[in-house]
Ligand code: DON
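For reference, the chain that follows is the form predicted on its own, supplied as structure tokens.
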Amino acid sequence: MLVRLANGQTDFIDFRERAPAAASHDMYLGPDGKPTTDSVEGYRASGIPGTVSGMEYAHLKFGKRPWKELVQPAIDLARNGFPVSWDFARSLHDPQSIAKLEKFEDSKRIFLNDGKGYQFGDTLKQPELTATLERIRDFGAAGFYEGPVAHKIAEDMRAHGGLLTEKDLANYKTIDRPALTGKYKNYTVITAPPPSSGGVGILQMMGVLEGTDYARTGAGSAREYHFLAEAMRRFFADRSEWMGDPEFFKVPVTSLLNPATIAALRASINPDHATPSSEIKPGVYTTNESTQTTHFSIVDPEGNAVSVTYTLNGGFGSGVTASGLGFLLNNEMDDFAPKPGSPNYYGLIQGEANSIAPGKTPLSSMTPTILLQDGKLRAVLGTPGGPTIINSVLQVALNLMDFGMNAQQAVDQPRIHHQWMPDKLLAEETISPDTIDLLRTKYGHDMILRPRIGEMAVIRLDNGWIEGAPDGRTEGTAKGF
């Protein structure tokens, strides 16, 4: 959660999941030394949940309305039900979702309607979740991390070979970190510090692009996308080696954002052709110095801004619904490097900086971001999307800052994604076929077309107006106060 108050105060609230005390470096390697699927699916995939703690921490520090009043709407939705949307119904009928959820009794009963499935317009009621939320309403975060809920989670874990214990839950603490702040032209960029890799990523890529004329040929041109892709692949190479939990690894943020580093990255870009990722290695920096997702962006009538991203990681998390409690468990342990140097669920290659250790926070791509101009709030933005989060936030921010788009135009503009390895440039199908052809033939990018990349939620402020832009790629919405 990234917070920027109307008085200029900023804060970053880290309620990321953490590895259980029983976690170990090689816990997801089989006898053959290859990664198993335990980090993606099942009881061993879950880190210690942090959302309830983080929301309570934010409420105690910044909230005004009573906690019970804030939790009650969620209880009402769980008890009375809500209509299943078209997109939600589609996700529940996805063969991969079915294969994951039907393996676990409560998941199959609740989310697959005991095998009968849900159709668009059906009502989904969740009585077990209602009871869990009522405990959170009445007892705060202690209603989740202690007492009957914590006991049930731990009991379920013990019965199915999971790692989470009551002690893990009781020991979880939200961490208050300084927000990461940088400059792009005449804008101030406030964003996420490690253990998110996203803030460092967008600041490094903005720095690389700022010294070029990448925008000369206009938004959506092949040349613009080429420069974006080259900046992206260089950051993700650095990410693979140098990003991790700052409590366990000294992330060289200053070195990664040093003007000399950025100038060298910029100079390595061929403006006329893609650089093969095999020729790009992570930089050499000193670490001795003085990182299934939901996002929402909010600006209130007083000018306070909040950008929040949180996640279960993969679709429907680990597939496990906590027995008798009604909520899905995450599979965040796969955001570590189960085998350093080998790709994870998202194809990301990560090094020892993000290896598994007890109590450690896995590296994330979550990039809640706020833009200021001349000290005034100009935009609040963020998105789900795994590693595509970083590049989606980058592109929409540049659409606002460099191309003068309004919020909806910036969100609607087609997007790309490159993450160094595998050496593929993902591009949305809505990009002009001529542009795709130029990226392939003139610039030499190996392309994969996708229906959509990201799900941006953006607020833009200009001359007293507030624009809220949902992403038409999904069922996102915007609502005024």
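Residue numbers run from 1 along the displayed sequence. Quick caveat: nothing in here was measured; it's all calculated off a predicted structure.
Here the subject shifts to the form predicted in complex with this ligand, a form of this protein not shown in this document.
In the predicted complex, does residue 230 come within 4.5 Å of this ligand, counting heavy atoms only?
It does not: once this ligand is placed as it appears in the predicted complex, residue 230 has no heavy atom within 4.5 Å of it.
Might residue 366 be said to contact this ligand in the predicted complex, defining contact as any heavy atom within 4.5 Å?
Heavy-atom contact with this ligand at 4.5 Å: present for residue 366.
How about residue 113: is it within 4.5 Å of this ligand in the predicted complex, going by heavy atoms?
Answer no; every heavy atom of residue 113 is more than 4.5 Å from this ligand in the predicted complex.
For residue 311, is any heavy atom within 4.5 Å of this ligand in the predicted complex, or not?
Yes - in the predicted complex, heavy atoms of residue 311 and this ligand come within 4.5 Å of each other.
By the heavy atom within 4.5 Å rule, which residue out of 207, 338, 385, 252 makes contact with this ligand in the predicted complex?
Selected option: 385.
Identify, from the list 380, 329, 389, 192, the residue with a heavy atom within 4.5 Å of this ligand in the predicted complex.
For this set of options, the contacting one is 389.
In the predicted complex, which of the stretches 75-83, 151-159, 292-300, 372-380 has residues with heavy atoms within 4.5 Å of this ligand?
Partner-contacting stretch among the options: 292-300.
Counting only non-hydrogen atoms and a 4.5 Å cut-off, give the residues of 15-51 close to this ligand in the predicted complex.
Residue within 4.5 Å: 16, and no other.
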